[in-house]
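So this first bit is one chain, no partners, the form predicted on its own, shown in structure tokens.
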């Protein structure tokens, strides 16, 4: 494995940039930023993204938008490169995070924010002893209601033309009838042609009534709601035939694919007994999991090992395959990429390292059946290749 491939690359990390923070400060309904006086008598900014936010919203500060703070975090944890994106919690990345704006304003803002992010990354320092920048980014696609296809294609082309943006962030709702709406086919075609990576990230979770009346803080929405949202959106894409029509599309799923790996054989069984869907797809549903990339934000080695097993067996389910393909988690590891979810879930002390970093790195290190090259790949080599960072 080459030296650049052994770099540590964080592909799940968030930023706010000043233009968007200013917009949030100007608003009085969610999403917005308000300034409060805390019990210690200090003024602080709070972000509210949903009605009835616990504790009056979450504190936000320089770590969300100051590049030097991002680089300090990276240095503290030995992270060489970050592929940054506008924050899901900050409601600014693609459809779920621009959908409070009219189409024309969302289109203009997405274009401006993409240029801002390009500048943020292009002027970042180089990795020591390499010609690779320390920061690259996912652009914004304004998938808001009433947006025109031509406007979306314009933004895809803009992202493609910005050299330090190597993909785009997309929410789970899409436009019209969802991400599986055939109206998006021209957009998928343009993304595939541009070889951009689509990071599919949840925001809305599931119906909150599922959590019952007992107070459990944010545990159920974050631990279950977000992954279930991703699971449903990705499954709808598979069922729609998107991966048959656009076989080179590169889709990256947050939170290790949610529950999709664990439910993929059950999904295949249900499809087998539903002639409407069965006749629509070219392959067994389990084949399409081999088309997916997943972040390694799973926090445990057993989970990562299982997910890599499921991914690795995909070719077994290719239509017409006569070869028995055994699960090989070393092969499956090539589709997994390290992430931290920074700046969310900070440590209680400024001197502590972030658990989202240490837990996920320990999980990668402890997966049984992965070679050192496999682990180096998940830590950074796979991202170097997927995002063409050696160009």
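Residue numbers count along the first chain shown, from 1. What you see is a predicted model; the values in this text were computed from it and never measured.
The form predicted together with another copy of the chain is left out here; the points below concern that form.
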{"item": "Location of another copy of the chain contact in the predicted complex, chosen stretch of 184-192, 143-151, 235-243, 162-170 [non-hydrogen atom, 4.5 Å]", "value": "235-243"}
{"item": "Three-residue site 69, 80 and 125 fully in contact with another copy of the chain in the predicted complex at 4.5 Å by heavy atom", "value": "no"}
{"item": "Interface membership of residue 322, another copy of the chain in the predicted complex, 4.5 Å heavy atom rule", "value": "no"}
{"item": "Contact of residue 213 with another copy of the chain in the predicted complex (heavy atom, 4.5 Å)", "value": "yes"}
{"item": "Partner proximity in the predicted complex: residue 290 to another copy of the chain, non-hydrogen atom cutoff 4.5 Å", "value": "no"}
{"item": "4.5 Å heavy atom contact, residue 218 to another copy of the chain in the predicted complex", "value": "yes"}
{"item": "Contact assignment for another copy of the chain in the predicted complex, among 106, 200, 135, 298, heavy atom within 4.5 Å", "value": "298"}
{"item": "Interface residue in the predicted complex among 277, 249, 113, 74, criterion: non-hydrogen atom within 4.5 angstroms of another copy of the chain", "value": "277"}
{"item": "Those residues of 220-249 which, in the predicted complex, come within 4.5 Å of another copy of the chain by heavy atom", "value": "220, 222, 223, 224, 226, 227, 228, 231, 232, 235, 236, 239"}
